[in-house]
Structure formats: structure tokens, C-alpha cells
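The chain below stands alone, shown as C-alpha cells; this is the form predicted alone.
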Amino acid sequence: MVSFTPTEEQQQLLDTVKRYAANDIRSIAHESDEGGGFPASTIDKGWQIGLVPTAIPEEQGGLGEMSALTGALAAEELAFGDLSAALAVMAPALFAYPISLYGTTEQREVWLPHFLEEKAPKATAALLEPGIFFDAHDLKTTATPEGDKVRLNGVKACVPLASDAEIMLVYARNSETGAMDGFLVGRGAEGLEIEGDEKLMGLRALSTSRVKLNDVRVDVPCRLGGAEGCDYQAVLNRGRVALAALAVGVARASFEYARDYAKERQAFGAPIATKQAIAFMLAEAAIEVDAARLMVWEAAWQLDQGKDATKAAYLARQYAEKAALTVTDSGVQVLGGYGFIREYPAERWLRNARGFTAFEGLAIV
């Protein structure tokens, strides 16, 4: 029998994340969006909840075990607070999780201890590339073997927290075999250029940068997983489940705000929630949120069971990103003219939801 009841450990973690999202993130989300960033202390507090340390298995020196479902539950709650803050808190996992799952013994011993400390390490990953024809299975960034070195060339876009990152995991296509690999690239690598913060329609409180690799040479052992490489498709699957969970969080935030507003807003002597057009719109939004969430849980469960979750992860992301756009657009409509005013959060949720189709590689569970 399938059970949707979180375990005691999951519930304790979720309760902590919910409090953090409500008290620390959501209360300053508007000011952070307008000002271009959350206070460092707020993001540090999110790290201290321990999402990454508890996902690193005990045999690797961590505090728990890798669980995509737990990660998805937490991602939804974080995005309910604010998407930019959620991605900032989750950014170190973009580096840590692939190392934990596919890194060599040496890579794990060198890097994972940094993710068990009180302060988050400055680490991220670069997957997304600029251009309307981006295909995660046909990366334009190339990795060319040259003896005991690998030469990287290409451009990455929307790399979260890249401006401060000391180490990043760069995904590239092997120019000889066509295989997709990850490479550990340090900040001081010759030929690595990290441009200033990108100006995006959404995620205005998250620092993202374009990263250029011009003949960046790294040692062969810097390849994720060493000679065996990594399961690139599994990395994509985990990223897509994460994005789907984040989309559910954004959609839920918009729906609940619109629902509560409709119950309180009076028109012609009655709450507008009693008007058929509004009531139907809210009902459809509620259905979309719950449907998307169930698809996320199914895909995350498949990952945790060691199944091939490629189809489930893809469908979950496709459905969730469309649901988020539909629900947040409805939220703006329910608020009427107020929905178009930046003082109200509805327009921020819509701007953020619009970007999910282009957020490949920005999160992982």
C-alpha cells in the first residue's frame, strides 16, 4: 500500500523548513526581490537546517542518507517562502550530491567534509547554456582530452552563486566520445571567466552569472567519477524532480494567497470567492497544485527505489512548470488590478513561474 505520510524524521525536518520559510524568507521576500538579494545571514540560517549534511550518507561521513523524496518535500516548502532564497539555500547541493552519488573515493574524501560544516561552502554547478535551442543531451560546452589534462570550452548561463563560488561542477560533452561528463573547476583556473550578475525577469533576489570557459585545462582526475564518469541522466532526473517540487511550492504560494484574498475581498456585498468565475478559477488552481505534487512524489519515490525515473521526472517537471504558470497567472487575475502592482506578491510569483522552462540545472534533490 502506498503511503503519503512523511516519516517522523521527514516531518521534523519539514516543520523546521516551514518555520524558516515563513518567518525568515517570506517576511522579507519582497524587499529582497526589489533590492536584488537576501541578507547573507538569512541564507546561512537556511543552510544550518542541515538539508545537505543529512543527505550525505553516514558511510561517507554524513548524517543520514540520500532521499529525493525528502529533498522534494523540503524544496516545495522553501519555494513556498521564495524561489530565489530556495535556490540559494539549495545551490551547494548542486556540487555535493553528484560528488556523493558518483564521485571517486578521493573526490568524496576531499570535498564532502566541507559540506558538513556550519557554514555553507562556496560551491555550485554549471549546466545550462545560453540560446533558445539548448539541449541538455547535446551540450555545446566541450571537454577535449589532452594527455593528462582536459581542455574545456564553452559558455554557461544562469549559474547560481557563481560570482562567489570557489569550486564548481561544469558539465560538458566529451569531444571524442560524445558522452556528457562533469568536471571540477576551481575559481582560479586559467581561462575561466565569471561575468557579473545577470539581469533576469524573475529570480531577482538570486545571484546568477554567465560563465565562460576559454581553453580551461583541468587534470584528468577532476572528471566526476574518474574513469567511470557519472550517470548523467540520473543527475538530470534529480534536477528535474527538484525543479518540479520548486514549481509546486511557487504555485501553492500563489494559490493560497489568492484563495485567502478572495475570501476577504468584498464586492457587491459578498466575498469575491463566492462568485462563480473566481471560485472555478481557484478550484482549478487547487487541482493543478495537488496533481503536480503527486507527480513529483511519484518521480522522487522512483529515484529513491533505484528505478529508472527518466520518464517520471520529465513528466513531473513538464506538468509542474505548466501548472505553476497557470496557477500564478490565475493568482494575478484574482487580485485584479492589485495583482499587477509590485507591492503585492502575485506578480513576483508569476515572474518566477515563467522561468521554470529555462531553469535546467539550477537545483537538485
Partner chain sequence: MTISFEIPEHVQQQADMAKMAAEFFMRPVSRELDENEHQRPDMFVQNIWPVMRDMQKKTLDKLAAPPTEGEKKPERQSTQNLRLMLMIEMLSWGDAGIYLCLPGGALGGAAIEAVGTPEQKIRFLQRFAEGEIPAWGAMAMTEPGAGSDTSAIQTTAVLDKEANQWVLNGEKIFCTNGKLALDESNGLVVVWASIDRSAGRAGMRPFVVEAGTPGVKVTKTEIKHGIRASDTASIVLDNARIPADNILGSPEVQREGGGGFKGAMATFDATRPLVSASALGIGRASLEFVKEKLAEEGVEIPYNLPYHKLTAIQRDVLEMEAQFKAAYLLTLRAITLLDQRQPNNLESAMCKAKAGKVVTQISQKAVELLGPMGYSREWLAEKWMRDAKINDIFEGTGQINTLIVARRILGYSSKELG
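Residue numbers count along the first chain shown, from 1. The model shown is predicted, which means the values in this text are computed figures rather than measured ones.
Beyond what is shown, the protein has a form predicted in complex with its partner chain; the following relates to that form.
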item	value
Interface residue in the model of the complex among E117, E284, D231, D215, criterion: non-hydrogen atom within 4.5 angstroms of its partner chain	E284
In the model of the complex, the one of Q333, Q318, T54, S32 near its partner chain [non-hydrogen atom within 4.5 angstroms]	Q318
Partner-proximal stretch of 79-87, 132-140, 95-103, 203-211 relative to its partner chain in the model of the complex, 4.5 angstroms, heavy atom	132-140
is_contact(F255, its partner chain) in the model of the complex, heavy atom dist at most 4.5 Å	yes
4.5 Å heavy atom contact, T310 and its partner chain in the model of the complex	yes
4.5 Å heavy atom contact, L294 to its partner chain in the model of the complex	yes
Partner contact for D219 in the model of the complex: its partner chain, 4.5 angstroms, heavy atom	no
In the model of the complex: members of 243-264 within 4.5 Å of its partner chain, any heavy atom	F255, R259, K263
